[in-house]
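Shown next as structure tokens: one chain only, the form predicted alone.
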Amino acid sequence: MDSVEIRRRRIELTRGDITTQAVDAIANAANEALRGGGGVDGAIHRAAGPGLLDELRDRYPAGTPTGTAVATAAHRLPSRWVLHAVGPVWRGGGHGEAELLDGAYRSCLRLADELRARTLAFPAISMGIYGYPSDEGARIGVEAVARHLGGEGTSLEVVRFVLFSDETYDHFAVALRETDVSD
């Protein structure tokens, strides 16, 4: 596991299954409709059980736009909350994808603070079926978290990127090494 410390807070990288993380909140790489899907989204919905979809339908019938996130209970997951972040589909880089991906991460971090979460786990948002380039996607995620942890007033103590493949882990490890985490 790779990690760095920022103002007595930590960013961690690990390989694994985000649905098994015993943290306050996990982020979900969701779609705008918030109705489940494939990849991380499907795995989270399967592990959480049908109550998650019921809550999403009741609380967010219109879904949420790309670049934003919403919170639900975690249902049968070992965390307390799920933060459903909608990252962009990669369309070549000229359609605001970087800003939308940064917005998805920042929305989760804000929600975690509103919930007073101390620990948060992220997947590699938009880097699966949405096709976001891995090196750029990892850099955006790590930089968003580093900026947040370096600021004032966050409740977060540990933010962990839970990465499914060795290749994705390697992209995040490079981003972590190259990101300025000085106070």
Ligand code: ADP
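Keep in mind it's a predicted model, so treat the numbers as computed, not measured. Residue indices: 1-based, along the sequence shown.
What comes next is about the form predicted in complex with ligand ADP, which does not appear here.
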Check your understanding: Considering 61, 151, 38, 65, which brings a non-hydrogen atom within 4.5 Å of ligand ADP in the predicted bound form?
Key -> 38
Check your understanding: Taking ligand ADP in the predicted bound form as the reference, which of 56, 124, 121, 146 has a non-hydrogen atom within 4.5 Å?
Key -> 124
**Study point:** Contact check for 11, 81 and 117 against ligand ADP in the predicted bound form, heavy atom at 4.5 Å
**Key:** no
Point to revise | Non-hydrogen atom contact residue 29 with ligand ADP in the predicted bound form at 4.5 angstroms | key: yes
Exercise for review: Answer for residue 175 alone: is it within 4.5 Å of ligand ADP in the predicted bound form, judged on heavy atom distances?
Suggested key: no
**Study point:** Interface membership of residue 17, ligand ADP in the predicted bound form, 4.5 Å heavy atom rule
**Key:** yes
Check your understanding: Is residue 23 a contact residue for ligand ADP in the predicted bound form, using a 4.5 Å heavy atom cut-off?
Key -> no
Review point. Which of these stretches, 48 to 56, 138 to 146, 152 to 160, 125 to 133, has heavy atoms within 4.5 Å of ligand ADP in the predicted bound form?
Key: 125 to 133
Review point. Which residues, if any, of 156 to 172 lie within 4.5 Å of ligand ADP in the predicted bound form when only heavy atoms count?
Key: 162, 164, 168
